[in-house]
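To begin, one chain is listed below as structure tokens, in the form predicted on its own.
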Amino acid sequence: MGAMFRSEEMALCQLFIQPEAAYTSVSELGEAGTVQFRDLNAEVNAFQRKFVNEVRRCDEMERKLRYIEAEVHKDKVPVPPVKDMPRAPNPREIIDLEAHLEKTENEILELSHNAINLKQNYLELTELRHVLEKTEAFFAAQEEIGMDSLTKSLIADETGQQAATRGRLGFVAGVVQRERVPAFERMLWRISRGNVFLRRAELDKPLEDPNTGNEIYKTVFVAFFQGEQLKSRIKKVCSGFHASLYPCPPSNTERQDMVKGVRTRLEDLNMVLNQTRDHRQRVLVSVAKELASWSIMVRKMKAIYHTLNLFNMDVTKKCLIGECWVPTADLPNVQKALADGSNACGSSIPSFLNCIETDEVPPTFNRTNRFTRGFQNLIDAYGVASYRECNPALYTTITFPFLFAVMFGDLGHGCIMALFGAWMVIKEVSLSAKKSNNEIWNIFFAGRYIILLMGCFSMYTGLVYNDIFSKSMNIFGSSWFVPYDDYTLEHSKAFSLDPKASYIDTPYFIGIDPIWQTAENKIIFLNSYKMKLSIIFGVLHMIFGVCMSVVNYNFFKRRYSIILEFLPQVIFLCLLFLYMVFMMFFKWVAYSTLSEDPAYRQGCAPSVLILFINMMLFSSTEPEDDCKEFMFEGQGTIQRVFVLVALCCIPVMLLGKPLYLLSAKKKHVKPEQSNGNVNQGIELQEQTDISEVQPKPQAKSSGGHDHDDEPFSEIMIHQGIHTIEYVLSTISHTASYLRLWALSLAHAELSEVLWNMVLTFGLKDHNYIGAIKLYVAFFFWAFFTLAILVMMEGLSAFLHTLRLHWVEFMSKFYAGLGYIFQPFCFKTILEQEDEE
């Protein structure tokens, strides 16, 4: 947890790497994932960088891998996951991998082309077989009805051989796609003016397209005509409609012989297709075993060359120079990675790392684990913390689920949420391995620890509220008893309990007494109770946020802001709103029905809200008889002093810091000018021992709040804006915490309505019909409980809690003007590409 208190210290380092060791060294750094490289060639075009040809080679290998992967998925061959993550291949292995991918691609391409040609031949033979079989049925039907149109003359008055030849009908046969048949028939009718006799029959089974593998439905047709001119027109129409024409002998014997020959060829071709398919399957299965490893190796290789393009070559062209941000705690790991990279390639000259001083603001890096990552993401969604700024995520791990539970307090609903979170936490290894593409599920799974804590805290607040599915539990016995006799109870619709006669003067052991569940003034009581709780938690939360600013002021050595900003802010907040919290506690403790002083008995307790309003307006309210206006002696004087002191804090917040900075600038003496150090500006310094000297780059400001270097007028404007914002926000933010009361009350009332209007419906009958009703009612009650009370109300409470942290809490000390540390890490790169 110590690492979460503020972001880690960063160092700007220069890397000096020999060209022959550059690839392996960057590969080791990518495996370590601890450095963020800077682009030293920002002005150089991407196509003019040193390793652009290597990047193109990687792109070409990725293209081949995409083609191979598409073919593997096309044949539904399973790709086994990678058990051991392969490392980036060395330069010699790259050549072998490239040649192997080239050979594999060519082999699959050849197999695909051969399969397409064989399937095309199989399709044509299948269509020919269907044409011969269907036309046989056409001719047989003609012979049965005596329509010997092929041998009879069309012109009755012409005789002789010439007339018979002119009157003889010709025909063409083929197949056409089924959806084109209507248009095909209309076109034949138009070109022949009705002189074409068309017979067609649909194929029962679909055929397979050899190119796409999709199913296509076709129809066999035979077109009878007269004359060679009409025949050429019909063939042109068939070509236009992509109809396939096949030869069909007019003789029945010839057709039978041809059908037998086609069936024999189909059987032989089918055997060749099966053998080709089996061979292709064997090739793809062997490729699929290595496909994931090849893909990872190529992506790592490409990432290495992209990173090397960020390096700069020195003037002698014998050394690559790179700059990177490194957490100082990881500097030994970086040096070890550089040494391993040099040893891997057998370089005689070691690579080394040199830490340099800089005024640039480093990136922000908060080291997290599985538990804290979700909370850190909530903070980063508002804004990445400025460098070394106090990190709110550490405190959010407790305050976030607690404030959520104040609004979501129900033992039953909290138990459901906690069980769901616990299931995701217990099964997190197997669930994370599935890598779902469902965005909603990924959000839930990323926040599994947040959900678990929110459920556990909601169970606790539900126990305090004594609320489980809108019902109370009488575990420890009520502190109230009924003093009336049976006759009074039977003849009274309602009766009141006087604390003097019905209360045992010992509160319920924990939480709300269960007797309030049956009281008519339950809502009035809970309203007052939860409203005060929300103000108490809100004021304490805001005071804690203001106090956190002291940590930033002290760390960034702006201790004058502790006196000129923090003290007036915390005094202003405490004298007004913490005093209001004090009045709530004093009222709970001092006033009682058993008090001997009449001024401190029931009915005389003044309203805290009225007292606070009178305090701010310097007014008063006449008390009732035997009662006092104030809670204790001298309260009026104390309140006037508090308000005056709080008002005096405003000019201190407004003018204190600007005037201090103005006086400090006048006392500032410029340093003596010098000609500089002899070694100034030389990059290649003696290697720094990181165990002895570590640079400590500091941000120019305390988390982005500082404007010390600006003119006095700008400082006054900024300070005026901050002062007005703070004074007004103390009021608005305190009122904003009332959402804790509003959502808690709404959740409890909605749960009670759902119980009384849905589940009670199944509890009215005591026979077998009541059992059926109970099953139905319980189904709807459970469904609405999960959908509305747990999910929708839970999401609403989550968003309101997020707002309370972002606006009301973090605005007191958090700037969030940093930029995230994005190290060069193979694991992160592969995960991002898989998500895309």
Partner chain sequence: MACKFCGPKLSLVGVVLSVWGIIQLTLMGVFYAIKSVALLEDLPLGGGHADINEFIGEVETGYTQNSHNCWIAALLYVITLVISGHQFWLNNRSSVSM
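Positions refer to the first chain, counted from 1. Since the structure is predicted, the reported quantities are computational estimates derived from the model, not experimental observations.
Same protein, other form: the form predicted together with the partner chain, not shown, and the subject of what follows.
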| request: Pick the stretch from 66 to 74, 797 to 805, 51 to 59, 783 to 791 whose residues have a heavy atom within 4.5 Å of the partner chain in the predicted complex. | output: 783 to 791
| query | What is the one choice in 244, 354, 729, 517 with a heavy atom within 4.5 Å of the partner chain in the predicted complex? | reply | 517
| note | the partner chain in the predicted complex has a heavy atom of only one listed residue within 4.5 Å, and of 358, 368, 472, 112 that residue is 472
| query | Wondering, does residue 436 line up within 4.5 Å of the partner chain in the predicted complex on heavy atoms? | reply | no
| said: Residue-level contact is defined here as any heavy atom of the residue lying within 4.5 Å of the partner chain in the predicted complex; does residue 765 satisfy this criterion? | reply: yes
| said: With the partner left out here, check for me: in the predicted complex, does some heavy atom of residue 555 sit within 4.5 Å of the partner chain? | reply: no
| query | At the 4.5 Å heavy atom threshold, is residue 489 in contact with the partner chain in the predicted complex? | reply | yes
| field | Residues of 233 to 256 having any heavy atom within 4.5 Å of the partner chain in the predicted complex, listed in sequence order | value | none
